[in-house]
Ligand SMILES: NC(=O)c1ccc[n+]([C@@H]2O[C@H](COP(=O)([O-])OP(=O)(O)OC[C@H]3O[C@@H](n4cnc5c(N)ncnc54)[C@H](O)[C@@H]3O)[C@@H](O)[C@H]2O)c1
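Next up: just one chain, as C-alpha coordinates, the form predicted alone.
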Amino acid sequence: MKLRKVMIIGVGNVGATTAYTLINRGICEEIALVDINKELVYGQQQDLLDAAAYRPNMIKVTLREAIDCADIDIAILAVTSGIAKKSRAEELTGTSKIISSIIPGMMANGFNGIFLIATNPCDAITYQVWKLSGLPRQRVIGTGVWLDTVRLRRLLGQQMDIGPQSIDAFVVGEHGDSQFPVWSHSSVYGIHLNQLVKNRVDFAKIGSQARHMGFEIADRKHCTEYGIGSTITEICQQILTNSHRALALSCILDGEYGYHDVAIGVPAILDQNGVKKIIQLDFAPNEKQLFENSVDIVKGYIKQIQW
(Lines give C-alpha, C1' and ligand atoms only; values in the text may rest on other atoms or scores of the structure.)
Protein backbone atom coordinates (compact mmCIF):
# COMPACT_ATOMS: atom_id res chain seq x y z
CA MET A 1 0.00 0.00 0.00
CA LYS A 2 1.31 3.44 -0.91
CA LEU A 3 1.79 5.59 2.16
CA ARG A 4 -0.07 8.90 2.03
CA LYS A 5 2.20 11.86 2.80
CA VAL A 6 1.22 15.45 3.54
CA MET A 7 3.67 18.33 3.91
CA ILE A 8 2.77 21.46 5.89
CA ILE A 9 4.88 24.52 5.11
CA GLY A 10 4.47 26.99 7.95
CA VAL A 11 3.64 25.49 11.36
CA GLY A 12 2.31 28.40 13.30
CA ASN A 13 -1.23 28.28 14.66
CA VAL A 14 -2.84 27.23 11.37
CA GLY A 15 -0.20 24.73 10.31
CA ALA A 16 0.05 23.08 13.72
CA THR A 17 -3.71 22.85 14.14
CA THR A 18 -3.97 21.31 10.69
CA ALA A 19 -1.36 18.70 11.62
CA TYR A 20 -3.21 17.89 14.84
CA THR A 21 -6.51 17.54 12.97
CA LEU A 22 -4.91 15.32 10.33
CA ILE A 23 -3.59 13.07 13.11
CA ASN A 24 -6.98 12.79 14.77
CA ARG A 25 -8.69 11.88 11.49
CA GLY A 26 -5.96 9.36 10.66
CA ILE A 27 -6.11 10.00 6.93
CA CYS A 28 -2.37 9.96 6.17
CA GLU A 29 0.68 8.01 7.30
CA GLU A 30 3.22 10.84 7.35
CA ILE A 31 3.00 14.55 8.13
CA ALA A 32 6.16 16.44 7.17
CA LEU A 33 6.64 19.78 8.91
CA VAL A 34 8.54 22.70 7.38
CA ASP A 35 9.31 26.05 9.02
CA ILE A 36 12.18 28.53 9.11
CA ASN A 37 11.86 28.67 12.92
CA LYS A 38 13.70 25.47 13.84
CA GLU A 39 12.97 25.70 17.56
CA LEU A 40 9.27 26.11 16.92
CA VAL A 41 9.02 23.32 14.36
CA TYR A 42 10.90 20.90 16.62
CA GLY A 43 8.58 21.71 19.51
CA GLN A 44 5.52 21.26 17.31
CA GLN A 45 6.85 17.92 16.06
CA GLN A 46 7.40 16.52 19.54
CA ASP A 47 4.00 17.73 20.76
CA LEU A 48 2.28 16.21 17.72
CA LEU A 49 4.14 12.93 18.14
CA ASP A 50 2.64 12.72 21.63
CA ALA A 51 -0.82 13.06 20.06
CA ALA A 52 0.00 10.54 17.33
CA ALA A 53 1.03 7.99 19.96
CA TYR A 54 -2.66 7.65 20.92
CA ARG A 55 -3.69 6.67 17.38
CA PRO A 56 -4.34 3.00 16.58
CA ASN A 57 -2.50 3.46 13.26
CA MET A 58 1.14 4.47 12.80
CA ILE A 59 1.53 8.14 11.86
CA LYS A 60 4.99 9.65 11.39
CA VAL A 61 5.57 13.33 12.09
CA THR A 62 8.84 14.32 10.44
CA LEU A 63 10.94 17.44 9.96
CA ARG A 64 11.94 18.38 6.42
CA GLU A 65 12.99 21.24 4.19
CA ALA A 66 10.47 22.28 1.54
CA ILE A 67 12.72 21.00 -1.25
CA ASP A 68 12.58 17.47 0.22
CA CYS A 69 9.21 16.99 -1.43
CA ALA A 70 9.44 14.50 -4.30
CA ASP A 71 7.40 11.85 -2.45
CA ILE A 72 4.74 14.23 -1.04
CA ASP A 73 1.10 13.81 -2.11
CA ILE A 74 -0.26 17.14 -0.84
CA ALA A 75 1.83 20.19 0.04
CA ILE A 76 -0.09 22.63 2.25
CA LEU A 77 1.05 26.25 2.20
CA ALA A 78 0.23 27.89 5.53
CA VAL A 79 2.92 30.58 5.62
CA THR A 80 2.06 34.06 6.78
CA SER A 81 3.62 37.50 6.84
CA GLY A 82 1.53 38.68 9.77
CA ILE A 83 -2.10 39.13 10.83
CA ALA A 84 -4.21 41.27 8.51
CA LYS A 85 -6.07 44.02 10.36
CA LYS A 86 -8.75 44.98 7.85
CA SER A 87 -8.30 42.91 4.70
CA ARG A 88 -6.51 39.68 3.78
CA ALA A 89 -5.05 41.57 0.81
CA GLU A 90 -2.79 43.41 3.28
CA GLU A 91 -0.65 40.27 3.41
CA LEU A 92 -0.03 40.06 -0.34
CA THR A 93 3.35 41.78 -0.59
CA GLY A 94 4.88 39.75 2.21
CA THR A 95 3.35 36.38 1.44
CA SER A 96 3.93 36.54 -2.31
CA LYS A 97 7.66 37.11 -1.68
CA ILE A 98 7.74 34.04 0.60
CA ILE A 99 5.94 31.94 -2.01
CA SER A 100 8.39 33.06 -4.70
CA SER A 101 11.24 31.81 -2.51
CA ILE A 102 9.67 28.36 -1.95
CA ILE A 103 7.92 27.04 -5.07
CA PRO A 104 10.75 27.07 -7.66
CA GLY A 105 13.00 25.00 -5.39
CA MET A 106 10.25 22.47 -4.76
CA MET A 107 9.61 22.03 -8.46
CA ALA A 108 13.33 21.73 -9.23
CA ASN A 109 13.51 18.91 -6.69
CA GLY A 110 10.73 16.84 -8.18
CA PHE A 111 7.47 17.85 -6.50
CA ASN A 112 4.64 16.21 -8.44
CA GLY A 113 1.76 16.26 -5.99
CA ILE A 114 -1.06 18.69 -5.24
CA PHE A 115 -0.59 22.16 -3.79
CA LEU A 116 -3.24 23.24 -1.27
CA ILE A 117 -3.00 26.94 -0.45
CA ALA A 118 -4.24 28.42 2.81
CA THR A 119 -1.94 31.45 2.68
CA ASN A 120 -3.70 34.79 2.24
CA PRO A 121 -4.82 36.44 0.09
CA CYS A 122 -5.80 32.92 -0.91
CA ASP A 123 -6.98 33.45 -4.50
CA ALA A 124 -4.02 35.56 -5.61
CA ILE A 125 -1.52 33.22 -3.95
CA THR A 126 -3.23 30.21 -5.53
CA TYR A 127 -2.74 31.85 -8.92
CA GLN A 128 0.90 32.63 -8.09
CA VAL A 129 1.62 29.03 -7.07
CA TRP A 130 0.01 27.77 -10.28
CA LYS A 131 2.16 30.05 -12.42
CA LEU A 132 5.40 29.32 -10.53
CA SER A 133 4.85 25.57 -10.37
CA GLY A 134 3.83 24.95 -13.97
CA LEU A 135 1.51 22.21 -12.71
CA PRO A 136 -1.85 21.50 -14.35
CA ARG A 137 -4.52 23.77 -12.87
CA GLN A 138 -6.31 20.76 -11.40
CA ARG A 139 -3.42 20.23 -8.96
CA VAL A 140 -3.25 23.76 -7.53
CA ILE A 141 -6.15 24.46 -5.18
CA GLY A 142 -6.89 27.16 -2.62
CA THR A 143 -9.01 26.68 0.49
CA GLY A 144 -10.97 29.59 -0.97
CA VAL A 145 -14.49 30.06 0.33
CA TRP A 146 -15.06 26.63 1.85
CA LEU A 147 -14.61 27.90 5.41
CA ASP A 148 -16.83 30.89 4.55
CA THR A 149 -19.41 28.40 3.27
CA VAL A 150 -19.24 26.39 6.49
CA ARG A 151 -19.63 29.58 8.51
CA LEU A 152 -22.66 30.56 6.44
CA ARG A 153 -24.25 27.16 7.00
CA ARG A 154 -23.68 27.16 10.74
CA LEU A 155 -25.09 30.69 11.10
CA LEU A 156 -28.13 29.69 9.07
CA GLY A 157 -28.48 26.53 11.12
CA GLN A 158 -28.44 28.49 14.35
CA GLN A 159 -31.19 30.78 13.08
CA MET A 160 -33.30 27.97 11.60
CA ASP A 161 -32.61 25.31 14.24
CA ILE A 162 -31.39 22.94 11.52
CA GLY A 163 -28.10 21.06 11.44
CA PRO A 164 -25.69 22.91 9.11
CA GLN A 165 -24.90 19.67 7.25
CA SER A 166 -28.51 19.64 5.99
CA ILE A 167 -28.30 23.13 4.51
CA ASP A 168 -27.27 23.40 0.88
CA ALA A 169 -26.04 26.99 0.83
CA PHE A 170 -22.62 28.20 -0.20
CA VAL A 171 -20.39 31.17 -0.86
CA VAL A 172 -18.52 31.95 -4.10
CA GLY A 173 -16.00 34.54 -5.23
CA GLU A 174 -12.96 35.96 -3.48
CA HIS A 175 -11.96 34.72 -0.05
CA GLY A 176 -12.40 38.30 1.08
CA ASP A 177 -14.75 41.24 1.12
CA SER A 178 -16.28 40.66 -2.34
CA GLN A 179 -17.46 37.10 -1.64
CA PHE A 180 -21.21 36.46 -1.60
CA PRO A 181 -23.72 33.68 -0.82
CA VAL A 182 -25.53 32.22 -3.82
CA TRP A 183 -29.03 32.57 -2.39
CA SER A 184 -30.67 31.59 -5.69
CA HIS A 185 -29.31 28.03 -5.19
CA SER A 186 -29.82 27.71 -1.42
CA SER A 187 -32.14 25.06 -0.04
CA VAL A 188 -32.78 22.32 2.48
CA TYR A 189 -33.55 19.04 0.70
CA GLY A 190 -34.89 20.86 -2.33
CA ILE A 191 -36.98 23.42 -0.42
CA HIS A 192 -35.67 26.93 -1.10
CA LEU A 193 -34.63 28.79 2.03
CA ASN A 194 -37.08 31.64 1.34
CA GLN A 195 -39.94 29.18 1.27
CA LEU A 196 -38.71 27.38 4.36
CA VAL A 197 -38.15 30.35 6.68
CA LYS A 198 -40.92 32.63 5.34
CA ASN A 199 -39.08 35.93 6.03
CA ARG A 200 -38.02 34.92 9.54
CA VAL A 201 -34.31 35.12 8.69
CA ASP A 202 -32.30 38.18 7.63
CA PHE A 203 -30.22 36.61 4.86
CA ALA A 204 -28.25 39.79 4.16
CA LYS A 205 -27.17 40.02 7.80
CA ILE A 206 -26.11 36.37 7.91
CA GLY A 207 -24.11 36.76 4.70
CA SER A 208 -22.32 39.74 6.20
CA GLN A 209 -21.64 37.87 9.43
CA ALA A 210 -20.14 34.93 7.53
CA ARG A 211 -17.98 37.29 5.48
CA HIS A 212 -16.56 39.06 8.54
CA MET A 213 -16.42 36.14 10.97
CA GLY A 214 -12.70 35.55 10.50
CA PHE A 215 -11.84 39.08 11.56
CA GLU A 216 -14.33 38.92 14.45
CA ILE A 217 -12.52 35.84 15.75
CA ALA A 218 -9.06 37.30 15.18
CA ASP A 219 -9.98 40.54 16.95
CA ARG A 220 -10.72 38.55 20.09
CA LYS A 221 -8.09 35.78 20.10
CA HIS A 222 -5.53 37.31 17.70
CA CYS A 223 -5.64 34.39 15.27
CA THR A 224 -7.92 31.85 13.65
CA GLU A 225 -6.88 28.22 13.68
CA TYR A 226 -9.55 25.59 14.44
CA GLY A 227 -11.90 26.45 11.58
CA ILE A 228 -9.21 26.79 8.92
CA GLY A 229 -7.32 23.76 10.26
CA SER A 230 -10.49 21.69 9.92
CA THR A 231 -11.09 23.15 6.45
CA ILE A 232 -7.63 22.17 5.20
CA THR A 233 -7.99 18.69 6.69
CA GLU A 234 -11.43 18.25 5.10
CA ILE A 235 -10.04 19.10 1.67
CA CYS A 236 -7.10 16.72 2.16
CA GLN A 237 -9.49 13.96 3.17
CA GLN A 238 -11.63 14.38 0.06
CA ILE A 239 -8.52 14.21 -2.14
CA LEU A 240 -6.82 11.30 -0.39
CA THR A 241 -10.02 9.23 -0.28
CA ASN A 242 -10.96 10.03 -3.91
CA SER A 243 -14.38 11.10 -2.65
CA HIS A 244 -15.72 13.00 -5.70
CA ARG A 245 -17.33 15.40 -3.24
CA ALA A 246 -18.04 19.00 -4.27
CA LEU A 247 -16.63 21.84 -2.15
CA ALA A 248 -16.39 25.59 -2.77
CA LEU A 249 -12.67 26.13 -3.45
CA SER A 250 -10.30 28.56 -5.10
CA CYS A 251 -9.76 27.11 -8.57
CA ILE A 252 -7.98 28.29 -11.70
CA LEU A 253 -10.61 29.14 -14.31
CA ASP A 254 -10.05 28.29 -17.97
CA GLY A 255 -13.28 29.32 -19.63
CA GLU A 256 -15.66 28.46 -16.78
CA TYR A 257 -18.06 31.32 -16.07
CA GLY A 258 -16.48 33.09 -19.08
CA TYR A 259 -13.13 33.77 -17.38
CA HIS A 260 -9.56 32.65 -17.93
CA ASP A 261 -6.26 33.08 -16.07
CA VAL A 262 -7.66 33.79 -12.62
CA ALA A 263 -8.20 31.87 -9.37
CA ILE A 264 -11.50 32.34 -7.55
CA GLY A 265 -13.89 30.47 -5.27
CA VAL A 266 -16.34 28.21 -7.11
CA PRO A 267 -17.89 24.80 -6.40
CA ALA A 268 -15.67 21.98 -7.65
CA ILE A 269 -15.60 18.19 -7.48
CA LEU A 270 -12.47 16.68 -5.92
CA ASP A 271 -10.80 13.37 -6.64
CA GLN A 272 -7.35 11.89 -6.02
CA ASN A 273 -5.84 14.11 -8.74
CA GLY A 274 -7.24 17.37 -7.36
CA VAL A 275 -10.06 19.22 -9.10
CA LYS A 276 -11.96 16.78 -11.29
CA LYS A 277 -14.57 19.28 -12.49
CA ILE A 278 -15.64 22.85 -11.83
CA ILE A 279 -19.41 23.16 -11.41
CA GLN A 280 -20.87 26.08 -13.38
CA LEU A 281 -23.84 27.69 -11.68
CA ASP A 282 -26.60 29.58 -13.41
CA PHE A 283 -26.36 32.81 -11.42
CA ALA A 284 -29.24 35.19 -10.93
CA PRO A 285 -28.55 38.56 -12.67
CA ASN A 286 -27.42 40.31 -9.46
CA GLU A 287 -25.22 37.34 -8.55
CA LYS A 288 -23.57 37.42 -11.95
CA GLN A 289 -22.69 41.07 -11.39
CA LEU A 290 -21.31 40.31 -7.93
CA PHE A 291 -19.17 37.50 -9.35
CA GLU A 292 -17.81 39.76 -12.09
CA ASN A 293 -16.88 42.32 -9.46
CA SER A 294 -15.14 39.69 -7.34
CA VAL A 295 -13.13 38.42 -10.33
CA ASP A 296 -12.03 41.97 -11.12
CA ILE A 297 -10.84 42.48 -7.55
CA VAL A 298 -8.81 39.26 -7.56
CA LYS A 299 -7.27 40.18 -10.91
CA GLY A 300 -6.23 43.48 -9.34
CA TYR A 301 -4.45 41.60 -6.55
CA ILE A 302 -2.74 39.33 -9.05
CA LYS A 303 -1.18 42.38 -10.70
CA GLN A 304 0.39 43.29 -7.34
CA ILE A 305 2.11 39.92 -6.77
CA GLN A 306 5.80 40.17 -5.91
CA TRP A 307 7.30 37.62 -8.30
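Bear in mind the structure is a predicted one, so any value in this text is a computation, not a measurement. Residue numbers here begin at 1 and follow the sequence given.
Keep in mind the form predicted together with the ligand is missing from the figure; the text below concerns it.
K.L.:
Is it the case that residue 37, even though its partner is missing from this view, gets within 4.5 Å of the ligand in the model of the complex, heavy atoms only?
P.N.:
Taking the distances in the model of the complex, the answer for residue 37 is yes, it comes within 4.5 Å of the ligand.
K.L.:
Applying a 4.5 Å heavy atom distance criterion, does residue 223 contact the ligand in the model of the complex?
P.N.:
Taking the distances in the model of the complex, the answer for residue 223 is yes, it comes within 4.5 Å of the ligand.
K.L.:
Against the ligand in the model of the complex, would residue 230 count as a contact residue? Criterion: heavy atoms within 4.5 Å.
P.N.:
Heavy-atom contact with the ligand at 4.5 Å: absent for residue 230.
K.L.:
Applying a 4.5 Å heavy atom distance criterion, does residue 80 contact the ligand in the model of the complex?
P.N.:
Yes, residue 80 is a contact residue.
K.L.:
Has each of 10, 91 and 102 got a heavy atom lying within 4.5 angstroms of the ligand in the model of the complex?
P.N.:
Looking in the model of the complex, the three residues 10, 91 and 102 all sit within 4.5 Å of the ligand (heavy atoms).
K.L.:
For the chain shown here without its partner, which stretch in 71 to 79, 178 to 186, 196 to 204, 132 to 140 has non-hydrogen atoms within 4.5 angstroms of the ligand in the model of the complex?
P.N.:
Answer to the contact question: 71 to 79.
K.L.:
Sort through 147, 106, 167, 235 and report the residue having a heavy atom within 4.5 Å of the ligand in the model of the complex.
P.N.:
By the 4.5 Å criterion, the partner-contacting residue is 147.
K.L.:
With the partner left out here, which residues of 111 to 142 have a non-hydrogen atom within 4.5 Å of the ligand in the model of the complex?
P.N.:
Residues within 4.5 Å: 118, 119, 120, 122.
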